[in-house]
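So this first bit is one chain, no partners, the form predicted on its own, shown in structure tokens.
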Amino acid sequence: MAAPRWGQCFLRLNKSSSTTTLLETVWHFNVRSVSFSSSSLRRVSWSSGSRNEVQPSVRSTHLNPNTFNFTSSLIRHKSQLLYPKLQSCCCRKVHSDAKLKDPFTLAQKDLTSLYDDIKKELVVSKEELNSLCDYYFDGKGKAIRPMIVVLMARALNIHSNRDGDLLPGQRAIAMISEMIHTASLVHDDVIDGSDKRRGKQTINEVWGERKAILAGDFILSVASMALARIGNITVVKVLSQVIEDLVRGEFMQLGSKENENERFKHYLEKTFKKTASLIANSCKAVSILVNPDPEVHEIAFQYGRNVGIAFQLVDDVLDFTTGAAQLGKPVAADLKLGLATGPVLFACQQFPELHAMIMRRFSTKGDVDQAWQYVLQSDGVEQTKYLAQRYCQEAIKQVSLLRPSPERDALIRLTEMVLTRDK
């Protein structure tokens, strides 16, 4: 199913069934897990017009996820789940009338020298360690995380009545986010025994596991030093949470749950900790440097959280739908690692035989191939795509509370790119 253009309109499902599904349970878990202050029901909205004419007005909003009621709208009937009817719901009421900007184009100026600056931070006298640390900072990565941070920082600066230029601390956070992400990749490749990353050999494959672990540790230590230099204790606390979440998420990935609903909650929490926490807390960190309002911090955090989870859900879909040449890693990699991702968990509704395979982490001969077939024969991929769309819809609602700007519109456009990417 082709992903819809969320920058233009949102999907709504017809209400015609009271049957509770796993998808309902998943989404209700998601919205209950978000905490908002009671005052967050009253937010600042911005009328369109020239920047000098923009005036704030207080209005009530229903964006508090705890007020959502999707029980009757998320239905089990397959045809309605996979092919929901579009209703007229133009988002021009939500974001500015300006044409949505390309995120990569807008962020390019800020990202041009990002990797060179990171390499300067990592310079040490030992040549081999330099080679290890530089290996993934070759400028060939997607740079999704620093791009989001840069765009969010500029959007928040404009929202806070400043010019859009990045503060030095905000640019440092963009660098730190990419360093933390890369260090986690190095460690993940050791844990998973991976031999390919971004279409080339992994660090552990080239230099060995011991040196790879040390390289990851060194990158984290340099990122921590750069974080300390920002000089804001709240920012230090927020980004330190990311490192804790990465470790906790990795431990969660080593386990599983017997109960189906608990298993999906476990999966989403793990997804937040391993993937979305870095984006969410980095967005929050750049907001702290420019705006004292906790509600603005929450908007930035929730945009990053929802986009981050959607990004990982799409990544889990690609493991079943994209060839190794496009992904730069082997297909069915997650199944081979014993991991049950969204498509598998949804497929369990139609093929209960998957439960036993999940509990033994697909360790019996033939499990991986059989599980692969079950997923492809089910609507697990489509339901995971749909769940990713719901997260992106929520991300759009959050960021649309900011004052209109090209960067804010680029963040809206980015949600579509997350949903339609093929690698």
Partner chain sequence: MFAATLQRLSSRGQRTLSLFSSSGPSNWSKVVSDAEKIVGYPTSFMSLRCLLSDELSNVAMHVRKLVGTQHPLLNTARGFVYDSKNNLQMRGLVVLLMSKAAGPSHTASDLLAQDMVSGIYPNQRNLAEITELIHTAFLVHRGIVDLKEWTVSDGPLKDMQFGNKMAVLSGDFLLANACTGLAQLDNTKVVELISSAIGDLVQGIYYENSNNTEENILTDGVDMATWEEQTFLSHGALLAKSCQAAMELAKHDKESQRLAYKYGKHLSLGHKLNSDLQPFVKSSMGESSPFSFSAAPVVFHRQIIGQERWHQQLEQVQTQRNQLNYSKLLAAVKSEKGVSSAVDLCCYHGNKALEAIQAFPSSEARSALENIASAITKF
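Bear in mind the structure is a predicted one, so any value in this text is a computation, not a measurement. Numbering follows the first chain given and starts at 1.
One more form of this protein exists, namely the form predicted together with the partner chain; it is left out here, but the text below deals with it.
This chain lacks the partner; the member of V247, L111, L167, A332 within 4.5 angstroms of the partner chain in the model of the complex by a non-hydrogen atom is V247. The contact with the partner chain in the model of the complex, taken as any heavy atom within 4.5 Å, belongs to S240 out of S240, T322, Q349, S160.
In short, of 340-348, 303-311, 228-236, 288-296 it is 228-236 that has heavy atoms within 4.5 Å of the partner chain in the model of the complex. Put simply, F104 is far from the partner chain in the model of the complex: not one heavy atom of it is within 4.5 Å. By the criterion of a heavy atom within 4.5 Å, E209 is counted among the residues contacting the partner chain in the model of the complex. Within this chain, K142 is remote from the site of the partner chain in the model of the complex, having no heavy atom within 4.5 Å. Of the heavy atoms in N259, none are within 4.5 Å of the partner chain in the model of the complex. In the model of the complex, the residues of 114-151 lying within 4.5 Å of the partner chain by at least one heavy atom are, in order, V124, S125, K126, E128, L129, L132.
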